[in-house]
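In the structure tokens that follow, a single protein chain appears in two forms: structure 1, then structure 2.
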Structure 1
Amino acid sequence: MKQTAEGTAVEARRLTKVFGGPGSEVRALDDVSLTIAKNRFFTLLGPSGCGKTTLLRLIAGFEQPTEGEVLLDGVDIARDPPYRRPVNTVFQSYALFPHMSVAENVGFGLEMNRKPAREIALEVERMLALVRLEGMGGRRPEQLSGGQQQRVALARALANHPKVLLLDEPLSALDLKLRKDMQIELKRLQHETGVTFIFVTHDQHEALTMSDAIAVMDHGKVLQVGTPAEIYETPVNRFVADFIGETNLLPASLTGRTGDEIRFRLDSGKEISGREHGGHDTGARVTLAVRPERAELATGPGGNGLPGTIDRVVYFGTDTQFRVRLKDCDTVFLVRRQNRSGHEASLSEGQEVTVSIPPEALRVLQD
């Protein structure tokens, strides 16, 4: 069943989707072009209303584009009905048939395609083994947990050997621990089957955990496409940096260069240095981004340091978050320190500290 990783699975060409009539138009997608490679776990990520589900529905055939093309294996399928597209969809609600057994649910699509009974039985058995539900074919959906029901929905969607599997926030109804377990299971299923997965979520951690590539969307547009590391480490603008994980944003001006270091002046008047300039010239207004785990705390003066006072200490188990109110600019700066040897209580609320920022930790963003 595993498919080749070569080539393009899905391509969107200048897709636009407008809902409503004159005077009440809503542009859900705005001239979106996107290429998704075969045998990849690809995630559409963004806040509610950004257009990610609309794009998924256009690929599935549940909506028709106002303009543009949807190509699968190089063939435009934008006007084909859903049943003629070699794609399947797993919904948030799972949409299992309550009057059917697990096996009957999994084999439903095969039966609709008039496959022989023996072939259906073998494929159902294989799919249940794939999702680790062996021996549960005779149960009803209400006899299963939420995670098991989701696996049945996945088995049913994969039984017809789709070229692309679309997943519309299928983990949102699960509790945190089960959700994390299912993230690993989904990635395993994608790897073992070789089917291209296109996953919709608003959860940044979920996207970073599972994806081979991520498209960050907002207001009907794709802002950045890249690997999880590229999206997190080198966001292209302020929205992406702020949406993907926690980040500190500091307005500044680019004041000059010394060797390979770029100097910036914050609004407080404090100067710090970085390694990149983002293509800006001296004097330009910029936004600097610093991830909380890249900054350090010291109780005395430090290089590239910003003085402040700890407002709050939050213990997360694996790490501790320090909320530092910087002097002169009344800005809260987040620092995260990993707890390598238990709860680190050496720094406390009200204590004066210096936030030290390594030059390579600074990212210069577009607005």
Structure 2
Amino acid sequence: MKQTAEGTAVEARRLTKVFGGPGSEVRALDDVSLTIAKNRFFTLLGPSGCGKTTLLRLIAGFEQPTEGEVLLDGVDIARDPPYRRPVNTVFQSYALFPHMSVAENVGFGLEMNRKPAREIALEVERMLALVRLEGMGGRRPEQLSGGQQQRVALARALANHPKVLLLDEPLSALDLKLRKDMQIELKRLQHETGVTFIFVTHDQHEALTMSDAIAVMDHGKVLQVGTPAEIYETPVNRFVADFIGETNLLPASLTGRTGDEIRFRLDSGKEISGREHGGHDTGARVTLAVRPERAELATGPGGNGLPGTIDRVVYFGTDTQFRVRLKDCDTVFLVRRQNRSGHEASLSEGQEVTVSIPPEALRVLQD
């Protein structure tokens, strides 16, 4: 994290949200506690149905929690209606008012707060400039492109100077190029305005590149909270490791330790050693995780290695992915290699290789 916290913007305390009546209950959020620091780009990441949007809607006030508290600047707002919360939302579909001009859309919140017309006009100008839509105030939303509508939605939500800005998968409707631009744009806006952004996405790339902190969610629970590097390098469990980036998962048992060397036996019978034991004792069943870019390929026998055959070579531009079928078990192991000089095409499909794993690249996961 950049600096230590200047304070807490939003805190969820033991939040539970149950939808549906008895018999058809769905626990969208299950006893979630979470602290979001001020002036951060905070991301809620998870697959669809994990509860991230429900959490956002509880903070916005569109839903009431079944149990628990939502604290904003230390005050419980869980029962306040949305229009009394100093929180604004950028909706997935933008939800721009089709019967109003861009300027009327952006000024709507200020108008609701009974600001004088001259002040509204000035603020609208300022907001449109902030999102680089100068001179577009007279247009109708339907006359704008998807990216421009997105910017209007941002300007409208920021015009009220909220303490927290909620963004519900705002980039999902944009094409890849525009999405990349908007990612940078969002970071810039967060930096310039100093508003706490809470961003919901199911896209791990988006989460990793934009966030100061990420909360990974699944089945209504928060599994891990940390910086992008923490989440990626030291995932707490199998789900997080699997969801964020590519991961090789190897079922194994812990066979012993000597000094700081921990030995594992894979189901194929091969032995491999690592540096961490994840709190497990000798004889325990564990899941080992190795990131594809941390493993190496050798044509001869390599240290701490697993023999196998190259199944497929996939060229990705900046790097190349090798799918290696491991000997004596039906596991495909992914290895990624940076394409530094262009001479690395020496490995080809069908070739026998050894996947060499540095001991410190081996993670031991809870299931």
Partner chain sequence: MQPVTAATAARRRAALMRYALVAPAIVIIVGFMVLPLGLMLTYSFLEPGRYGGVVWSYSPEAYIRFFFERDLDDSLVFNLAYVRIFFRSFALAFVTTLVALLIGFPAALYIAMQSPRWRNFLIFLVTVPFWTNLLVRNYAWILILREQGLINEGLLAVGVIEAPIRMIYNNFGITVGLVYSFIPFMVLPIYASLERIDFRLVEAAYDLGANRWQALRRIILPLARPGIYAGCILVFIPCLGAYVTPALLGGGRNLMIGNLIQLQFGASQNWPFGAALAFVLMAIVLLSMLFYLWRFRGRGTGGLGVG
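Take the two forms, find the largest set of C-alpha atoms that superpose within 1.5 Å, and that set is the rigid core. These numbers were taken from a predicted model, which means no experiment stands behind them. Along the sequence of structure 1, residues get numbers from 1 upward.
Chemist: Structure 1 or 2, which would you say is the form predicted in complex with its partner chain?
Modeler: Of the two, structure 2 is the form predicted in complex with its partner chain.
Chemist: Is residue 138 one of the residues whose C-alpha moves 2 Å or more between the two structures after the core fit?
Modeler: Indeed, residue 138 is displaced by 2 Å or more.
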